[in-house]
Structure formats: C-alpha cells, structure tokens
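In structure tokens, the next block holds one chain alone, the form predicted alone.
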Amino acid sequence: MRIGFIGLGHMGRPMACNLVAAGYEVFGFDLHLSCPEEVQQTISAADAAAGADIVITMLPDGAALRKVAEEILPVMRASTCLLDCSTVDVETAREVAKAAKAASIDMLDAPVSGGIAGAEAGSLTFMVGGSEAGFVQLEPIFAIMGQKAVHCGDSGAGQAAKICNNMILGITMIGTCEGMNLADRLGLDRQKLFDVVSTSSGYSWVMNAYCPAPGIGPKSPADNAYKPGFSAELMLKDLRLSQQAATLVDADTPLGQAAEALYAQFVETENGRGLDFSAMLPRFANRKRQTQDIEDA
C-alpha cells in the first residue's frame, strides 16, 4: 500500500516513520522541512498524493488544509482515502469532505491527542469524523500510529470532539495551576497537595499524568524546563477554535472564553510562546513575584 504524507513537522514526522517501520511505502512532502530518510521525498503535495491509496495530512490550520486539498484532490484516484489529522475548524473539515466526496474520495477528519511523545510512541488517540466504512478501512493505520481511535460521527465530528476535549483540558490546566499556586502561597507543600488531589475529588489527567509542577508525579514537560509536549500556542489555537465554534452554535462557554483570554495573554504578552501549556504554573508564580516587586518599590 502506498501512502502519501503531507506535513512532516513535530507530529507528522514520527507518525510517518511509524508507518514505514510497519512496512508501508510512504511518500512525503512538507513546505519547509525535508523528509526523514525513511520517507521517500517528493517535490510537491500533488506528487506525494498521486498514485497513493491513502493520503494523510497533518497541517497547521484550516487555510493550509483548504490549499492542500485544492492541490491534491484532482490527482487522487477515485475510491482512495484522504485522512486529515490536523486540528482545524469544523466548517473547513466539512467543506473539504464535501469536495472530496464530489471527487469520489472518502475523507476522514481525525485530529489526535497525545502530543509529540504520543506521536513518537505510536500511542495517539484519534477522534474520527466521516463514514463508518472509511473508519473501518483505516483501523489498521490508526493502530500503527495510535493506541485508540474513536468514530465520533459524520464529517466534522472528529474536529468537534477535539476542540471540546482541548477546551476542557485548557480549563483544567488553568484550574490546576491556580490551585497549586494558591497552595504555595498558603505554605502547603506541593507534594502533599498532589498526594491529596491525585486520590480525591480534584483528580484529573492534568494533575495525575501531566503535573505542571516539576519533580511531582510522572515525568512531564515541567521536568524538562517546560519544553513543549503540547505548546501554549497550540492550546491557544484550539481554545480559539472552540470559541469560534461556540459562537456559531450559540453555546455558552464562559470558562472556555476565560481560558482563551488567559492563554492569549500568556502567549502574546507574557513570553509564553515556545513553552508547554503547563507553564501556566510558573506564570502564576512569576506574577506573584512581580506584584511583590511593585509593592516593595
């Protein structure tokens, strides 16, 4: 089986390599990066897609997906599949799926959760929108790149699941960091707080598996100077997508809106760009020190 893979950044690169390791022939293209040596380099997105049985895209946003779709759909063979693993807005996913259907191509929107570590380990979770038949056909591909794939519904449902999940994640991270910072100010040891929260009603994936405090719980980006597993700017992107969707369907999401505003402040004016989204914890701690400096002055 020949696979075209378009978008070989931090996520797409290890995903493509895992497919090669599983025995698939993978032809890749990225506008800015060369292919890893395991993947056969092509000169354009269309060249990667031509003759492919499956084309996988991992792109930065909806505009990039629309542009790539315009280039590759005319050269893809009928009855092949386009698997988009980007995180984009729901309407873009549905529009590209409609264009693919007109060309007799089955498209699945399948954004992922698990970050760079999950892409490297082949342990991603796929949230999939599109036809049931397409989902079943690609289950072996999902099994190579991930540990779980959930068929969420028709076209766009995968993107809807992703932005809802990440809105919950962003809100939870902020709440966890606020709680830990309050514990600091109250003189409560972080490890003691973790021991309580991780086994009581404050339990969450953020606290138990991705603790924003270094040296506590399983290893996380906090133990690596907050180098991104999932960057603050990507969290901001997903929160903005969630609020865009909320506006379109008139959903009341005040905490999602507040999380978007806080991550925007962190990324755009507080040097959060390039840090993991869990770096909200030192953000709160630094803000305390800055306030004290002003008072002391």
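Numbers for residues come from their place in the sequence shown, where the first is 1. Note that the structure is a prediction, hence the values are computed from the model and not measured.
The form predicted together with nicotinamide-adenine-dinucleotide (NAD) is left out here; the points below concern that form.
Across the options 245-253, 227-235, 266-274, 48-56, residues that bring heavy atoms within 4.5 Å of nicotinamide-adenine-dinucleotide (NAD) in the model of the complex belong to 227-235. For the candidate set M76, M173, V112, V90, a heavy atom within 4.5 Å of nicotinamide-adenine-dinucleotide (NAD) in the model of the complex is found for exactly one residue, namely V112. Contact check for E260: every heavy atom lies farther than 4.5 Å from nicotinamide-adenine-dinucleotide (NAD) in the model of the complex. Heavy atoms of I116 reach within 4.5 Å of nicotinamide-adenine-dinucleotide (NAD) in the model of the complex, making it an interface residue. Residue contact check for L19: none of its heavy atoms lie within 4.5 Å of nicotinamide-adenine-dinucleotide (NAD) in the model of the complex. nicotinamide-adenine-dinucleotide (NAD) in the model of the complex is approached by A64, whose closest heavy atom lies within 4.5 angstroms of it. Residues of 25-41 lying near nicotinamide-adenine-dinucleotide (NAD) in the model of the complex, listed in sequence order, are F29, D30, L31, H32, L33, the criterion being any heavy atom within 4.5 Å.
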